[in-house]
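Given next, in structure tokens, is a single chain: the form predicted on its own.
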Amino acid sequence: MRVLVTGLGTFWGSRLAQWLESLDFVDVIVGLDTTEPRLPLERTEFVKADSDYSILDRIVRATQVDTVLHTHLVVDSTELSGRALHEINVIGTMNLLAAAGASGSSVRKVIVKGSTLLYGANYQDPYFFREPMERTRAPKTRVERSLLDASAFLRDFAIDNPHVTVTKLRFSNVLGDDIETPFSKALRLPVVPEILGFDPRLQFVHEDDVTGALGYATTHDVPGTYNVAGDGTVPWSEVCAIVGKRRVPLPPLLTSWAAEPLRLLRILDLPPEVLSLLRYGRGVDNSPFKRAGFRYRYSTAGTIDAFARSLRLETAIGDKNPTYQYERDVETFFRHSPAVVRDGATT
């Protein structure tokens, strides 16, 4: 396999590239991003690009990659401005699909890491969303609009390019030891926010199952759109109880205004899509991807419990993991210097 990973500078891009390096049948790994990798990589070639990935066509033609892992869809609207988010999610996806579908392209598989945010969250929603279902109300947030646009482009690409295996994975709320999300940030606070009068049922997926699902789609042909979430839903009050946190209510009216002091004090920035989840919740049907052969390691309750154990361990011994800082000269030394011992001998 010859694989192109977009979003190499993100948590998921770096983690997937590291996993790909462990596979003997992967000959070439090329990573693309505006920022450098977060993890040390041995075989992955890093290419620095602009946010809309305008260089993708040249890279695909030059490297002759057959598989594209698109990990760089932004799902947290607090990370970027509206324009930057549109460039990455919409323009970046357009450029990727244009490169993959160009005449003579070597690409035969495209895997996209999406989000269940695409379904939205409001009082009219069904108990579970299935993949063919559409959201019950028009999107109000820029991140949801951009995810819908990217999904539409991907659907058209799959129709126009039947020779390419296209897999779209929609991931639920992620928790884990290493990933940082709005929910993990909230659950790390001494007191966790809730919306007065609401106790939504939520679904979570463990970070290891996210990596596992993307890896499964890479090594197996599973065309189509799939929800990826742990089995079951858990009320927010029970989530907080498992993690051992007290709750503080936000008013049901003008909730965004009430949450503003948390943002100004840099305690917690709750994006509007998360506030909607804390009001109405969301559940998705995960059975189609299981029927396609994927096996989860964690249920929703198991994901929350694993996160709670990780928090207790951090409290007891602290978080002393060093942060990796990519430096091109250092990585070049380790890859090519004759002073570095490889396979038990100097080369």
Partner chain sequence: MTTLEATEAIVDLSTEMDRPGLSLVPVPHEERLDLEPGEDLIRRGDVDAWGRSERVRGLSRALYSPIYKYWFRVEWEGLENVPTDGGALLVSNHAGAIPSDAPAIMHGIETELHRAVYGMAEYLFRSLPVVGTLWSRVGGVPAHPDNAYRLLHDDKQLVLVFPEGSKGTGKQFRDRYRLRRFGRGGFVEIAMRSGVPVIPIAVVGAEESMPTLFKSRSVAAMLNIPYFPITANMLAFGPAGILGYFPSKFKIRVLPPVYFDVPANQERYPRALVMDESERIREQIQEALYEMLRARRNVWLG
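Every value quoted in this text rests on a predicted model; they were computed, and no experiment measured them. Numbering follows the first chain given and starts at 1.
This protein has a second form, the form predicted together with the partner chain, left out of what is shown; the following refers to that one.
- In the predicted bound form, the partner chain stays beyond 4.5 Å of every heavy atom belonging to residue 190.
- Put simply, residue 127 is close to the partner chain in the predicted bound form: some heavy atom of it is within 4.5 Å.
- Residue contact check for residue 286: one or more of its heavy atoms lie within 4.5 Å of the partner chain in the predicted bound form.
- Put simply, residue 48 is far from the partner chain in the predicted bound form: not one heavy atom of it is within 4.5 Å.
- Shown without its partner, this chain lists 241, 102, 84, 267 as candidates; in the predicted bound form, only 241 has a non-hydrogen atom within 4.5 angstroms of the partner chain.
- Stretch 117-125 is the contacting one of 71-79, 86-94, 117-125, 210-218, since its residues have non-hydrogen atoms within 4.5 Å of the partner chain in the predicted bound form.
- In the predicted bound form, the partner chain lies within 4.5 angstroms of at least one heavy atom of each of the following residues of 278-315: 280, 281, 285, 286, 287, 290, 291, 299, 301, 302, 305, in sequence order.
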